[in-house]
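Below, in structure tokens: the form predicted alone, a single chain.
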């Protein structure tokens, strides 16, 4: 009973942090909707203005059109309140997001389950790895970290500091070492220690895409020498503050490696939270984690309904309808 209450308290704490983290995005959307729908019918002009607001909020043209069309189908020429609009949009967003809201499945048969983590420098990749490791350890997994961004001393040092903090071993090599060789050593060591999960950090220098592609593909080839199925997941970390540029990053990294899922960070840093909905609509890639702050507690598994409600300034479970 005590354990159940503790989990419920943690869940409520996370929902509050997520709402706070999304407050900029929520304020932009809800403020715009309130301005649009004060004693007004949902006519063609209102729909057009709403679509423009959604596009400006980084939901993208395709998603904005889909959401406004859904409203037109159910409420066209009716008098609607801003609360009704927010509730309807939240429900439709949740429908788009639910298929991609998937927790990452860890397969014990692999020993270790290898997760290659990629993304541009500055996306929050290294911190995301540490937070993931903390979440995995919390549920009982044995985790090993590999500091595979061997060109940036800061990235290696940052991961080592996090490793000490969460009591996870970190495999590293001198700056400038071969990242693929490090990945090979890390997998051998994690396997020897019977670790459940190996998380591998990687470089993210997009200014020379050809070199980065060659490096990532070499890491994958070398891992397969130890385990033909590795890496078992390739997680792309995206910084939400870049807005629609996140689409380009997904396309670029999918050319390089087989991206199997996303983690979206820094949702508290701008009013661009709508980009998560646009990414789900366009790419249909699982969104495994979202981050709304810098502390360990500020990243959790992605919950579609809770996210959509928070984005629309609604309590989870509140439908916004009268």
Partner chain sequence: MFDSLTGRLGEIFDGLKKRGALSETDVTEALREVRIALLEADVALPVVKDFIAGVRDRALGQEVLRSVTPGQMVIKIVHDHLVETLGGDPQDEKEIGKDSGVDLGGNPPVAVLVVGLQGSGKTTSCAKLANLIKKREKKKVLMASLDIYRPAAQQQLAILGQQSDTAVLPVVQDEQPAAIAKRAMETGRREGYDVIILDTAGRLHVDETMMAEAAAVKEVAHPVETLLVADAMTGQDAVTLADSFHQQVGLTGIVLTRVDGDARGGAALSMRAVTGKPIKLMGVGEKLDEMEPFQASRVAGRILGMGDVVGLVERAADVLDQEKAEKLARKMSKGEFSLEDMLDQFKQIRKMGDVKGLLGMLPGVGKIKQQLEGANIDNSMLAKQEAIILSMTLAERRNPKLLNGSRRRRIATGSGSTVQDVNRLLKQHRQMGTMMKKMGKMGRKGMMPGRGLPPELLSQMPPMKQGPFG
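Positions refer to the first chain, counted from 1. No experiment lies behind these values; they were computed from the predicted model shown.
Not on display, but discussed next: the form predicted together with its partner chain.
request  = Please run the contact check for residue 231 against its partner chain in the predicted complex: heavy atoms, 4.5 angstroms, yes or no?
outcome  = No.
query = Within a 4.5 Å heavy atom cut-off, is residue 134 in contact with its partner chain in the predicted complex?
reply = No, no contact at 4.5 Å.
request  = With heavy atoms only and a cut-off of 4.5 Å, decide whether residue 257 touches its partner chain in the predicted complex.
outcome  = Judged by the heavy-atom cut-off of 4.5 Å, residue 257 is well away from its partner chain in the predicted complex.
request  = Answer with yes or no whether residue 270 is in contact with its partner chain in the predicted complex, where contact means some heavy atom within 4.5 Å.
outcome  = Output for residue 270 is yes: heavy atoms within 4.5 Å of its partner chain.
ask   = Counting only heavy atoms and a 4.5 Å cutoff, which of 109-117, 217-225, 234-242, 86-94 contacts its partner chain in the predicted complex?
value = Residues of 234-242 come within 4.5 Å of the partner.
key: Heavy atom distance at most 4.5 Å to its partner chain in the predicted complex, all of 213, 303 and 305   = Spot residues vs its partner chain: no contact at all.
ask   = Of the residues 81, 177, 158, 102, which one places a heavy atom within 4.5 Å of its partner chain in the predicted complex?
value = Exactly one listed residue reaches within 4.5 Å, namely 158.
query = Tell me, which of 191, 173, 75, 152 has a heavy atom within 4.5 angstroms of its partner chain in the predicted complex?
reply = Only one option qualifies, and that one is 152.
Interface residues of 119-133 toward its partner chain, as seen in the predicted complex [heavy atoms, 4.5 Å] = 120, 121, 122 sit within 4.5 Å of the partner.
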